[in-house]
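Two forms, one protein chain; structure tokens for each follow separately as structure 1 and structure 2.
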Structure 1
């Protein structure tokens, strides 16, 4: 009933739409990447630039992808073929599928670390931990080559299982129950962090901006993070919105998802930064930041180990639900464009990700087997991350903005987003279209050129 394409599954309600979309947005991006990038690029000023990117680039593009997906009820490539037959716009979809793989190569590595930390916490490895042993623990996690790869594969098997269960039984059920729980646990973590001796310094770092820290790379990174965080620029939101209900208010959904996602990131920052200052860990510690800080936040508090297990488990779940949306993007591409079964599509995806993803895992640390192998001056891990977040997603977003702004008919865009006039939001849709035509593309192009050194504000 919900879908135009027969035999196609879809989400059952507005609430399911919201939680599934939020489940894609909220993930390691909030709990792992946002804090470490904010730490690396100087704190509050970076947060400020990031928020601007979310508002003027992220939300309008999310709405654009919703339009494309729900209108066509097709995957990332098929949707462009349907809207612009015979034209090259579907290249955006192909680039998205490639970006999805690149992200999964390193994402599954970090998610594997989270899963291994859950196991270690259950075993009691973090009881009585100190700042020195916390750093050492992270080091040993990375130094053995096989263990992290084993955890990475376990993670991929979990993701594959949920995808095989399908849209409603898998994606919908998992996201609806677990997202609210994650939120509650982060708040508990915050309360603890705010009572640490370094709390004030941590909060100043996070909220008191110093704009001298902001250079072209920081701005490009904030833009890339906005894309990565909101799962846009690569067709994931096209894929999910192809399962949306007809009566969903998509502008509302996009705004609520973006705000909730931002809230989770900031709450994660409040949990982590006070701990860093309190325990003397450098905020610029990089990808290991979360793994060194969080066990310390929970150490020595009542029921600390139990709460740590719960927090890590929910982080693992957030990573799982986000990955489900990434792999769903490539899976739907294979089932609809290449007509293979869902099972075969999942098997192909997981195999490719496990094999190439292990390169990311082996290169994630200087001491790793591939730790010193550099391509274009970057390790495999960094290369997969940089190419997807900072290049492919912003480029995808740029072309989606141009596509909606200049190729799609305005009436068509307005009709779909107002649910054929049922919602009285035509004015807002016109404003969004204005942003998509004149603001989003200009911002993305300027940030790109600036980061390449072609134009320079500094």
Structure 2
């Protein structure tokens, strides 16, 4: 293992590593994207397919990024320059940095909506809400020319403040505090949802699979969701693992993070689906599920507004911790590759994301200021999402699998993952290499070709 960059800041313990990495993985993908996609693709069967995707794509690629980051103790670009000097593999790192920016352009927009909903819930705007007023509230949130941008900037300032404090005083301290709080809040929401009449029907939808609902498109969607939810291919896991302790068991960390991330998704499903079925709301509501259906559901419960505040708060926590990791990726790129101070790097990043991200915010609604402006047939919001999620992340994952499977020497990979032989896990590492060489690339190529329309599964 490498011992370079001794003065470089890092996480203080294995527990800090776990919470920070989990904070990167857990985000809006768990509480916003996972429930609505599970609802659209039939519930439990989609969940089963997603678990397989995490096992055969997500975890092996996360371990690969852990290896790259801890081995080099560098940013997403510098790490490839060190492992393959003079060769073009650093393009993977640049693609990851670009993907991180594109994700934050639209992610900060959605996170701003969450922050605004927390404020509205505290103010009591959702008390007595009806389906019509719920839709109107969401429409106002999207179409207002200045309010969504204001909340987007507030969100970015919160994230930027944490990053400015550094790895231990900022990222480590915040994630160690917020991750346990997130679990507490989501369990409270689950308990209330399970006591609702008709909750059993929602649990059946989530846990009793009907595989007739699963087709090629559902499988491909589950694969893409694994990338998005586990922060694969955008340089964040390389960045965070560059702060890992030397004795960290990276295979165990990846497994625990993936399982915990899955647990948060399932807990979010338990909080949402029993409530939806109890109040007769279709689980196929789509991307607006969180912002239109959830306030309506909680408004009909005793103490519903308090529970709504709790649910939106945990969603805000998830969005914040995930964004911290993404912006830390671009920040470390500037501090190490461009040799600027951390403060200047954060200011540059927040400015770029706020300015270009405002294009996503103003185009998120078709009636908005930029709602009719389209590039390649897509609004700015959809273009940023599509380019990152459907092109750059799958490509990044594909080439990382190839890089580890065919470029890195097997002995180096084994030594790093076994902590120079201290961990007796050679057999597991060999199995991971097999998956990276022969399983993951095939699956990722299928995702990528489908995203480009070369293969069309309907």
Ligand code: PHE
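Here the rigid core means the biggest group of C-alpha atoms that line up within 1.5 Å when the two forms are laid on top of each other. Everything numeric here is computed off the predicted structure, so don't read it as measured data. Numbering follows the first chain given and starts at 1.
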**Prompt:** Is structure 1 or structure 2 the form predicted together with the ligand?
**Reply:** 1
**Asked** If you line up the core, does residue 48 shift 2 angstroms or more at its C-alpha between structures 1 and 2?
**Response** yes
**Request:** Establish whether a shift of 2 Å or more occurs at the C-alpha of residue 344 between structures 1 and 2, with the two forms superposed on the rigid core.
**Result:** no
**Message:** Is residue 73 displaced by at least 2 Å at its C-alpha between structures 1 and 2 when the rigid core is overlaid?
**Reply:** no
**Message:** What does the CA of residue 274 shift by between structures 1 and 2 after fitting on the core? Give it in Å to one decimal.
**Reply:** 4.1
